[in-house]
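Structure 1 and structure 2 below are the same protein chain in two forms, each given by itself as C-alpha cells.
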Structure 1
Amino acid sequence: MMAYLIRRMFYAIPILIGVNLLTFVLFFVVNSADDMARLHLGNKRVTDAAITEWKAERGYDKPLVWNSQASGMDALTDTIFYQKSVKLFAFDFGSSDSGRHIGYDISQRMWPSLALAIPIMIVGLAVNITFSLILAFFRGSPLDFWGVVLCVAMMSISGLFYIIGGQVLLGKLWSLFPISGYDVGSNAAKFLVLPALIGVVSAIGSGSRWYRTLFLEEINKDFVRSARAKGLSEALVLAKHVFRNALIPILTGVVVVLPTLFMGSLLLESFFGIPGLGSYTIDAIQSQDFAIVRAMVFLGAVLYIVGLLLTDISYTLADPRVRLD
C-alpha cells in the first residue's frame, strides 16, 4: 500500500510540472508581460514609461528563463520563470498584481468556501442517495417514472435559474434569508443557508439519476437474487447489498469532488457575496490580476491530484477485493 502511494505521488510530479509549464507559456509567452500591463492599465493612451513602471513594480521586467546579466545561480533564479512559476511548488504564491499577499488571502478565504461547500456535499449526497434508492425500490412504477422525469427536468434547468429564483422567492419576496453578504463565526450560518439549499437542490437531478443508474445495475445481479432467495426484504437487500456494491463508483464521484471544496463555488459565492476562493478567482479575472489566476490554477491542479489519490485509497476501504500492491 505504501509503495503504491509513493509511486502515485511520483506520478503526480510530471503532471504538476506540465501544468506549471503550460500556465507559464500561456501567461508569459503567448500573453507577454507588456500585454498584461496594457490590459491592467487600459489599452488606450498607455505610455511605454507606464508599462515599464508597472512591470518593474511586479517583477515582470526580468528575463523569462535566463538572466544573462547575472552570475552564478542568479542567472536562473533572477528570472520570471523562477520567481513566478518555480516557487509555486513550495506553495510560495507571492504577491498579487494589486500588492496583496496571495497565500494569506487563500488561508483566509478557504474557510468561507469550506463552510458553504461541505454542507452542500454532505446534505446533497444524503438526499440524492436516499431519493435514488426510493426510485430503485419502486422501479417500474409510476413513482419511478415521474421521479426520472423530475430528475431530467431539473438537469435541464440552468444553475443560474436556481440561484436567481431562490434569491427572489426565498430572499426578497418571503424574506426568509439574506440575499447576499457574510459574517464571521456563528453569524455566518444565516448567510449560508440559502446558497447551500440552492446548491443541494440544483444537484438533485443529475446526482439522483446517476445514483439510480448505479443501483439498477446492481439490483439484478446474482448475489442480489441470492439474497432475496434467502428471505431478505427488498429494503434490506437495497441497503446491505446493492448500496454497498455500488460504493466504488459513488466514492469515485465523491472523493474527486473533495478538492473542489477548497476552491469554492464560483457562481454561488459571486452571487451571494461570500468571500471564498470562488469569488476570489472571479474577482481576479475581472480585475486582470494574473498572479492570483496563476496561483489558483496551480492550486486547483494540486488538489485534483490529491483527490485522485484519495479515490484510490477509498477503493480498498469500500471493497476488500481491491488490493493495491
Structure 2
Amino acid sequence: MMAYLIRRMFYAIPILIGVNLLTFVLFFVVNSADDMARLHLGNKRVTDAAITEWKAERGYDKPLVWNSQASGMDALTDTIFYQKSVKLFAFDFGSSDSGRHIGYDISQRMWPSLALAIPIMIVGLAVNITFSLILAFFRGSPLDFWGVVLCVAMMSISGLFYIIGGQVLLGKLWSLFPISGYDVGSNAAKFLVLPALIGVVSAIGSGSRWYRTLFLEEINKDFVRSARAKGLSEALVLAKHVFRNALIPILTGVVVVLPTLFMGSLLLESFFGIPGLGSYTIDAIQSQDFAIVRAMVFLGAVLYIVGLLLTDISYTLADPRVRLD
C-alpha cells in the first residue's frame, strides 16, 4: 500500500503544476496587473505613478511567464508565474496583495468553518442513513412512497430558501436562535445550532434518496436473502449486511470531502456571519487578490488529492477484498 501511496503522491505533482498554471492563466486573462493595482489603490485620484509603484513593490511588473529580456534560466524564473508559484510547493503562501499573511488568515478562519462543517457532516450522515434505512425497510409501502416524495420535494427547494426560511421561522418568528453571529470558544455553540440544523435539513432530500437507492440495490442480493434465511431480523439484516455492503459508494462521497471541510460553506457562512473560509476565495476574486486566489486554489487541489487518497485507503478498511497495489 505504501508503494501505491508514494506513486500517487508523485502523480500529484504534475496535477498541481497544471492546476497552478491554469489558475494563473485564467486569472490574468481576466485581470491585468494594472487592473489589480487600480482596484487595490482605490477608484479616486489614482495616478499612473502610483500604479507603477504598486506593481513594482509586489513583483507584478515582471513578464507573465517568459522574460525575453533575461538570459538562461532567468528567462523562466524572473517572471510573475515562477515567483508567485514556486513557494506554494513548500506551502509558503506569503502575503496577500493587501498585505495580510495568508497562512495566518487561513489558520484563523478554518476553525469556524470546521465548527460548522463537522456537525453538519456527522449529524447529516447519521440522519440520512437512518432515514434511508427506514425507507428501505418499508420499501413499497405508503411510508416509503411519501418519504420519497418528501425527499424529492426537499431536494427541489433551493438551499437559499432553507437558510432564509430557517432564519425567519426559527430566529425571527419563534425567537429560538440568534439569526446570525458568532463568538469564540464554547460561546460559538448557540450560533452554530441554527446553521447546522439548516445544513442537515437541506441535505436530507438528496442524501436520503441516494442512500436509499444504494440500500435497495443491495437489499435484493443473494447474501441478504441468505441472512434472512438464517432467521436474522430485518433490522439486523439492514444494519449488518445491507449497510456494510453499501459502504463503498457512501465512503466515496464522504471521505473525499473530509479534507476540504475546512474550506467552509459560502452561503451558510455569509448568511450566518460565521467568520470561516467560505468566502475567502470569492472575496479575493472580487478584490482581484491573486495571491489569495492562487493559494486557495492550490490548497483546494492538494486537499482534493489527499481526499482521493483517503478514499482509496478507506476502501481497504470497508472491504477486505480491496488491495492497494
Partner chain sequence: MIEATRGGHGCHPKACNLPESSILIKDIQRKIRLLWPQLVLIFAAGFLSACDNAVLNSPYPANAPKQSIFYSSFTERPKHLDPARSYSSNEWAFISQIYEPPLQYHFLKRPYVLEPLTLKTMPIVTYLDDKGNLVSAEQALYTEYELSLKPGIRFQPHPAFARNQDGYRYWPMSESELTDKYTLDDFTEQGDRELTAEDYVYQIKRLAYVPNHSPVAGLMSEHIVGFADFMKSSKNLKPSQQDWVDLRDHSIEGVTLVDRYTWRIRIHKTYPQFEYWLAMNFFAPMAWEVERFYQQPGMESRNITLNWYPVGTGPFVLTENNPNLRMVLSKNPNFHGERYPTEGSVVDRNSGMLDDAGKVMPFIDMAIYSLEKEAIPRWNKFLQGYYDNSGIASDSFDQAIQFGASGDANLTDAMAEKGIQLSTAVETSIFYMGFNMKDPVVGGDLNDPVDQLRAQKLRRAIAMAFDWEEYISIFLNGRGEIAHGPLPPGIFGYKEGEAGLNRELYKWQNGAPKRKSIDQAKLLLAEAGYPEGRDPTTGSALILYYDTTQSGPGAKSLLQWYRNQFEKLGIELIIRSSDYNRFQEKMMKGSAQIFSWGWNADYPDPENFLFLLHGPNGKVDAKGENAANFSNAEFDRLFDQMKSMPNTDERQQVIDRMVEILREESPWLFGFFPRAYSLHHAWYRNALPHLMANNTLKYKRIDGDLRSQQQLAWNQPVIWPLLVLLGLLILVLYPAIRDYRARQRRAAR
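Keep in mind that what you see is a predicted model, and the values were worked out from it rather than measured. We call the rigid core the largest set of C-alpha positions that still match within 1.5 Å between the two forms. Structure 1 provides the reference sequence; residues are numbered from 1 along it.
Engineer: Structure 1 or 2, which would you say is the form predicted on its own?
Structural biologist: Looking at both copies of the chain, structure 1 is the one that matches the description.
Engineer: Superposing on the rigid core, does the Cα of Phe272 end up 2 Å or more away between structure 1 and structure 2?
Structural biologist: Stays below the 2 Å threshold, so no.
Engineer: Using a rigid core alignment, state whether the CA of Met263 is displaced by 2 Å or more between structure 1 and structure 2.
Structural biologist: For Met263, whose C-alpha is compared between structure 1 and structure 2 after core superposition, the shift is less than 2 Å.
Engineer: In Å, how large is the CA movement of Val30 between structure 1 and structure 2 relative to the superposed rigid core?
Structural biologist: C-alpha shift for Val30: 5.2 Å.
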